[in-house]
Structures are given as C-alpha cells and as structure tokens.
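Heads up, the chain below is alone and in the form predicted alone; it's given as structure tokens.
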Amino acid sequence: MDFLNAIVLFSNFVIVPGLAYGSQLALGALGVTLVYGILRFSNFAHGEIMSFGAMIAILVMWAFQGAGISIAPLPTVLLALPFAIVATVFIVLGVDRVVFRYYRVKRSPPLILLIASTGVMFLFNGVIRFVIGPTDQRVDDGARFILRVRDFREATGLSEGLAIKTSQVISLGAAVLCVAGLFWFLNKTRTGKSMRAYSDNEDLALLSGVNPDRVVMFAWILAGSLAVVAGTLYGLDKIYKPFTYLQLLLPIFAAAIVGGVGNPVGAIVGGFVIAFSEVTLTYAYKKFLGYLLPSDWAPEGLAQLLGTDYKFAVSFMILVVVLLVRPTGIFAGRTL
C-alpha cells in the first residue's frame, strides 16, 4: 500500500506536470528549430512571440466571454486560439519583412540577425506590457479538473490522491496533434519537402527551383503558430505572467540545443528532457521517501535537491553540460 501511495504521489507532482510542461517546451522548441533550420539564426524574440500570441488569445477570450460565447466544459481560450494564431502570424510576417528580410538580402552573418531578434524581443515586450499590463491574468474557465484528488481517493482507497487538470490533458493532446501535423506537412507536402531541401542545402535547393521567399514565409507561419499554441497552453496550465515568457526562453533554447538545433525530433525529445529534469530536481522527496523507507530512515528535511527558485538554473546547467560533452545535441542538428 505504501508503494502504491508513493507511485501516486510521484505521478501527481512529477510525471503528470512533467508531461504537460514538456509538451509546452517541445512546441516552443519546435518553433525555434524551424527558424534556425530555415533562416540559420537563433530567434531570441521567440519567447515574447509566445507571450504576444497568448495575450491576443486572452483578449479574444474576454470578448467571447463578454458576449456569452463559450465551449464549456472546455476553456473558452481554445475558441480564441485560431484568432490569436492568425493575428500573431500576420505580425510576425510583418516583422520579418521590415526587419529580418533586410539582413537576409544583405547576407548578414547569423550574429547580426540574432542581435536584431533581441531588438524585436524588447519591442514585443514593451507592446505586451502596454496592452495587457504587467499583472497576472487567469486564462482558464470551464471544468478545471478531469480527475480530482478526492474522487481518486474514494475510488482506490489510497491515502494519496491523483489530480489531472484539463489544461494538462489539453497540452499533451495539442502537442501530439501539432507534432503529427508538422511532420505530415514536412514529409508529405510539396512545400514541406521544399523547406527540408532548403534547410539541408540552400544553394542546391535554389538551383532546383525552390522559391526562397515562399519557404521563409511558411517557416514563419509554422513557427508563429507553434509559438501561439505553446504560449497559450503554458498560460492555461499555469497562469499568464508576461514576465515569465522572457525567462521561459532559456529552457526552450536548452530543449532545442539538447535535442539538436534544427532537428524537429530533437526539439521534442529535448523539451521533455528539460521539463522532467526541472521537475524532478526541484521536487521535495520527503513524503515520497517516507513511503518507501523504514520510519527510522525517513529524512527530516525536505529532501529537495534544488529549491524551486532555481528551476530555470537547471536548464542552464544541462545546456552547459551538453555544449561541453556533445555540442550537436542528442540528434545531429540543423536539418528538417
């Protein structure tokens, strides 16, 4: 019985949250990977694009709620998601045309594009705070839980309960659908194959008749769409905090690099590696070990490897180790 309680406790605080958080990081890292694979630079504005898309989704959600429109028991923000994707993609394409295209035509080195993306990041940052403000915003409505702790305890007779939030299931399901759709697009459509050819060998792709402007446009459309979905799901699962998305840039880039920059499969794997590393290293194991060890051996402290304040430091440590040991990541990077 104690062993089952330990498993349920670990699932409730590590496995289930890790799956949801990993799904969100994987979607964010996929956007970074697409931009890097096609445009050959690291887009530091990606975190703020996620925040911008989530902000648009929240504003549209408020409009729907004011008009009495909902899809209960599901969150209304899901209904607003397509509108947020269209608006964000439109803005991202405009930014590319105004900012990045100039440096792309001049064949500027990737470092210049990276610096330009930093300026775009601060621009988005200011706009977001001007429009929605710096305060936290709740995104969820409708049914908050699919499975509640009390119901699980009554059904199993265990002292520990398992809670599964609606947002966690939506995050995992959306990640599966987005990843499946992206891989189908890249492998089965003519445009997707053109993107892969352009990523693998730009000069040869151009000689084969690939339209570079079309490839770049679809890269931004896909990256922007994934950013909106990832940002909105993160806000739905936790709470929308404008300042958090700037910090979220570190684990997203860590996920992309750990998996192999430019490799979509690597981005997915890296997202879950980073997520579970953060969750497991910052979890307090006192109660968990209390179920598994004899009472005399039970720890007196929290048995926590790192405090939750150091959550994002875990991403940095993993990133440093990977760059030192295997710079190409788990999968050799830079190819779609």
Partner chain sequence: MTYTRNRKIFLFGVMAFLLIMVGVLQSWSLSLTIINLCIISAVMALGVNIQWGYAGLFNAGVMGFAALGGLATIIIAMPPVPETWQAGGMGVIFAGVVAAATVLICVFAYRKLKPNRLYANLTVAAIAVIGFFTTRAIFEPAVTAIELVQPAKTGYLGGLGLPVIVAWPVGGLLAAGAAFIVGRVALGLRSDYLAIATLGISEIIVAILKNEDWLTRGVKNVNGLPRPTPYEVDLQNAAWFIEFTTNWGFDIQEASSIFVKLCYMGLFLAVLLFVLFLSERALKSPWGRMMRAIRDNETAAEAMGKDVKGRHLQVFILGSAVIGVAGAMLTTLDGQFTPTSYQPLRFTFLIWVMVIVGGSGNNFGAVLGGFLVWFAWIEAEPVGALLIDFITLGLAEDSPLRLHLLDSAIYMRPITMGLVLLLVLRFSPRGLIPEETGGARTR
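What you see is a predicted model, and the numbers here were worked out from it, not measured in a lab. Residue numbers count along the first chain shown, from 1.
The same protein also exists as the form predicted together with the partner chain; that form is not shown, yet it is the one meant from here on.
Residues with any non-hydrogen atom within 4.5 angstroms of the partner chain in the predicted bound form fall in just one of 39-47, 22-30, 289-297, 65-73: 39-47. In terms of contact with the partner chain in the predicted bound form, the residue from L177, A155, L114, V149 that brings a heavy atom within 4.5 Å is L114. Think of it this way: in the predicted bound form, the partner chain has a heavy atom of just one of L222, I257, V92, V229 within 4.5 Å, and the residue is I257. The closest non-hydrogen atom of V261 lies within 4.5 Å of the partner chain in the predicted bound form. Mapping the unseen interface onto this chain, Y234 falls outside it, with no heavy atom inside 4.5 Å of the partner chain in the predicted bound form. Looking at V98, you'd find a heavy atom of it within 4.5 angstroms of the partner chain in the predicted bound form. At the 4.5 Å threshold, heavy atoms of Y103 reach the partner chain in the predicted bound form. The putative spot formed by L4, I15 and W184 is not touched by the partner chain in the predicted bound form; no residue has a non-hydrogen atom within 4.5 angstroms of it. Of all the residues from 111-138, those having a non-hydrogen atom no more than 4.5 Å from the partner chain in the predicted bound form are L111, I112, L114, I115, A116, T118, G119, V120, M121, F122, L123, N125, G126, V127, R129, F130, V131, P134.
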